[in-house]
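As structure tokens, one chain now follows by itself in the form predicted on its own.
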């Protein structure tokens, strides 16, 4: 773990997130503790955590987006759904954002691995509002009770076939009108389709599901052979 001090890092995206040229930083909801050995920077009444873009598709997307980076993130108080939560690296930073300043945010973190769930459960003990769920992203009926209301932000990072179909189904069931979704697509997960063909196929699936494609971000250099699709669900007419 590294520690730094001095002025706040980079430019503000919000009260909860700042951005420098190398990485985003989030205002820690659990100051004094690291999740994966990240650098901490002391500040008045709290602490910033460096969000490693080489270990997080969301962080690398914030650096690579051609638009306003803040639009990729949920807001304090939001309820969010995270499919493929892993060991909690990105989840912890998203929790920093939605629970900033004591806001009643909620991160429902779903993963199929019991080992990941153990790590997420330990993390949740120090982070109220983080809800670890052992479940398969393809079978939401088994875990939907943990998300009592629709999410305003959905993120998916599952290395399975038919990733786009899993994502569009989750958005249809759980994303509020006007909400935003991010799909991290591992190109090699759909065998028999090259990168360009897969991208076109996914774009068609998203459109067919009524989602508005805002941007496709190539994460090469941070997460090789990964694309980040940023979509919005249209508001109700």
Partner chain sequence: MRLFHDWYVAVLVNEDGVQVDRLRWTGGGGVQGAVERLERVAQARLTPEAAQLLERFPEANVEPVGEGELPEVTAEDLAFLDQAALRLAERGVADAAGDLDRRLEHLHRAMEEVRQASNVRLSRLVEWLGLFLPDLDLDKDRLGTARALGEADDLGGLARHLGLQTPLHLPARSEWRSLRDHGAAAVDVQARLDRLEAALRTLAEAHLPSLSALVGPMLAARLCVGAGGRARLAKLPSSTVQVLGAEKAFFAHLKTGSPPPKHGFLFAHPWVMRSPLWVRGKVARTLAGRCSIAARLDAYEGTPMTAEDVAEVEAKVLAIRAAHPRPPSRKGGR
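Positions refer to the first chain, counted from 1. What you see is a predicted model, and the numbers here were worked out from it, not measured in a lab.
If you look for the form predicted in complex with the partner chain, you will not find it shown, but the lines that follow are about it.
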Touches the partner chain in the predicted bound form: residue 131 (any heavy atom, 4.5 Å) | yes
Taking 4.5 angstroms as the cut-off for heavy atoms, does residue 159 touch the partner chain in the predicted bound form?
-> no
Contact label in the predicted bound form: residue 144 to the partner chain, heavy atom within 4.5 Å = yes
Heavy atom of residue 101 within 4.5 Å of the partner chain in the predicted bound form | no
Counting only non-hydrogen atoms, which stretch in 83-91, 68-76, 162-170, 123-131 is within 4.5 Å of the partner chain in the predicted bound form?
-> 123-131
Are all three of 37, 49 and 63 close to the partner chain in the predicted bound form, meaning a heavy atom of each within 4.5 Å?
-> no
Contacts with the partner chain in the predicted bound form - residues in 108-122 whose heavy atoms fall within 4.5 Å = 114, 117, 118, 121
